[in-house]
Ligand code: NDP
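Shown below, as structure tokens, is a lone chain in the form predicted on its own; questions about how it binds or moves come after it.
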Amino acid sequence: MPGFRPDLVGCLSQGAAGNPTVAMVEAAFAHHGIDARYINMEVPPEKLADAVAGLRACGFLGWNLSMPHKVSVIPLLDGLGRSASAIGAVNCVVRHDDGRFIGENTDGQGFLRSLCDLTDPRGTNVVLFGAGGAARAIAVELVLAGIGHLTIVNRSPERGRSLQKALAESLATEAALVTWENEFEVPATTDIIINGTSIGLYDPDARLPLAINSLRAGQIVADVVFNPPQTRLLQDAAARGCRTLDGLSMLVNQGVLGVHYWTGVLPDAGVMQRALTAAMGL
């Protein structure tokens, strides 16, 4: 019967307890009067197919996924959006009006929305540290946004070349690759520097192997690490006169995009950020 229960959105993860994004998404639902619930579910890898079948059967609007499900979910879906296809990973699934469940990736899109609040990335020169999941998603969105040049800096040349190849094959873009062995000197022509690694997560003293004195006033320095919001990298960059972008805003914008995908409502980012910071005790 209509109104018997709210619409449902899931979050499938491994080790799901205490996920602060639940408070963020539910705050958006409450603020906008959306009759929906965001439900956290811990799903081991061997049960993912069963979980997806259950979500389909129960009529969920969609769901988020964390590692290790972002790639293994792909054959269980009915298709992929452009970003998810280029990235090769899904973190957001959306039920379309025709009943199909389509995989999207809001990791890079969330970052790009935050970046665009500071600058138009078109034509810029970007240095990106890392070639893992977050960095890969960011690289794809930056290319789609029309940046001028991308340099990937990564310790593992194999993983770096894998990202290079993906960008060349899916987006016809040639990115430079630098093997990260010592402190990286940022070229003077760089406009945007991004830490796409987990260095600094839950460790305010962790230091990215970057020559801080190579940063220049006016450059944008971004970090995907969301806790602490002000990493050592961002503090050092601000002291050099750089404009900084923290990972908390990326996480909020991922949530904004997810709610918009599932409900059609573009939620208030401020409401979501306040709920997220409160849930994280910040």
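Residue indices: 1-based, along the sequence shown. Note that this is a predicted model, so its numbers are computed, not measured.
Not pictured, yet referred to below: the form predicted in complex with this ligand.
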Legend entry - Candidate site Pro6, Tyr38 and Leu55: all three near this ligand in the model of the complex by heavy atom within 4.5 Å: no
Inset, instruction - Could you work out which of Pro121, Gly132, Gly88, Gly81 is the residue within 4.5 angstroms of this ligand in the model of the complex, going by heavy atoms? - result: Gly132
Inset, instruction - Taking 4.5 Å between heavy atoms as the contact cutoff, choose which of Leu201, Leu171, Ala145, Leu77 touches this ligand in the model of the complex. - result: Leu201
Inset, instruction - Report yes if any heavy atom of Ala222 sits within 4.5 Å of a heavy atom of this ligand in the model of the complex; otherwise report no. - result: no
Inset, instruction - Answer with yes or no whether Arg100 is in contact with this ligand in the model of the complex, where contact means some heavy atom within 4.5 Å. - result: no
Legend entry - Proximity of Gln164 to this ligand in the model of the complex, heavy atoms at 4.5 Å: no
Inset, instruction - Consider Arg155 of the chain shown here, and say whether it contacts this ligand in the model of the complex, taking contact as heavy atoms within 4.5 Å. - result: yes
Inset, instruction - Work out which of the listed stretches, 224-232, 210-218, 29-37, 47-55, brings a heavy atom within 4.5 angstroms of this ligand in the model of the complex. - result: 224-232
Inset, instruction - Go through 114-128 residue by residue and record those having a heavy atom within 4.5 Å of this ligand in the model of the complex; state none if no residue qualifies. - result: none
